[in-house]
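The chain below stands alone and is given in structure tokens; this is the form predicted on its own.
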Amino acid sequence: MSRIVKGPLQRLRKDIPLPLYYQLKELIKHQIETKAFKPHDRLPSEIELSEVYGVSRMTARRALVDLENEGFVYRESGRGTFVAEPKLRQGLRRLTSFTEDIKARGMVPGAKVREVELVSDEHVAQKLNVDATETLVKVQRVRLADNLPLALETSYLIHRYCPEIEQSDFTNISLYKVLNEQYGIYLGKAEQYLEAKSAGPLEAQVLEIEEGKSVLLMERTTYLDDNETPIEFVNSVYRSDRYRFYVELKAG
């Protein structure tokens, strides 16, 4: 228990509306974020937390479960609860490739290519504002950072803009770089949507997580530099325990 910081922040208040489990969760989260607990450090047990803070084991358990669901900790059966690696943070204001993002964080990007094929897809065609019979290039990859699977990414491109792109090796190269350097295609803007979902069997397998675990679904339509012509539709599923998105908002 020596890692638990002493002082006013340690006291759980019973005279305010905030539930005790939430106060305890935020206290532990603060200590993780300020490096009082470091990645893979073992946290105090439910019994230890309940004794120190004068709460029930159920309250302590709820705090730890919430921290696990938010990706701050992980549990190992028979060993205890440990601090997870910090989440990667991606901004939502700039249109960048996964490869650029990961390199900017000092990590090594990579991919396991699952599918590269020519397809027709009515749903995707609607997103790209083309006829349902339009030929599309489907590129599905498991995106890696330092060999850890972070996302299952499925991109669809309008094939007539980039003929023969399906012959490219997308294991260690950015799709956007190929579009730029080989086809002279420059991107202008994107419309992006985010929501939470549960991991299905395929997502659980390739991302190395449990089926049903919460993941982040991102759907994006990318436009050419005229900001009017869509060229790509992307469906990406991110591990919520390793990834979070942020955006800076300004008043007025």
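Here, rigid core means the biggest group of C-alpha atoms that superpose within 1.5 Å across both forms. Numbers follow the displayed sequence, beginning with 1. Owing to the predicted nature of the structure, the values given are computational and were not obtained by experimental measurement.
Omitted from view is the form predicted together with the DNA, to which the following refers.
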item: Interface membership of Pro19, the DNA in the predicted bound form, 4.5 Å heavy atom rule; value: yes
item: Partner proximity in the predicted bound form: Val55 to the DNA, non-hydrogen atom cutoff 4.5 Å; value: yes
item: Partner proximity in the predicted bound form: Gly80 to the DNA, non-hydrogen atom cutoff 4.5 Å; value: yes
item: Distance check, Glu70 to the DNA in the predicted bound form, heavy atom within 4.5 Å; value: no
item: The DNA in the predicted bound form reached by all of Lys138, Arg160 and Glu164, non-hydrogen atom within 4.5 Å; value: no
item: Single option in Glu26, Glu219, Glu48, Asp41 placed near the DNA in the predicted bound form, where near means a heavy atom within 4.5 Å; value: Glu48
item: Heavy atom within 4.5 Å of the DNA in the predicted bound form - residue from Lys213, His30, Lys189, Arg61; value: Arg61
item: Stretch in contact in the predicted bound form with the DNA, which is absent here, among 71-79, 144-152, 172-180, 124-132 (heavy atoms within 4.5 Å); value: 71-79
item: Any residue of 179-202 that, in the predicted bound form, places a heavy atom within 4.5 Å of the DNA; value: none
item: Post core alignment: Phe233 C-alpha displaced by 2 Å or more between this form and the one not shown; value: no
item: Yes/no, Leu49 Cα shift of 2 Å or more between this form and the one not shown with rigid core fixed; value: yes
item: Val65 C-alpha shift between this form and the one not shown of 2 Å or more, rigid core reference; value: yes
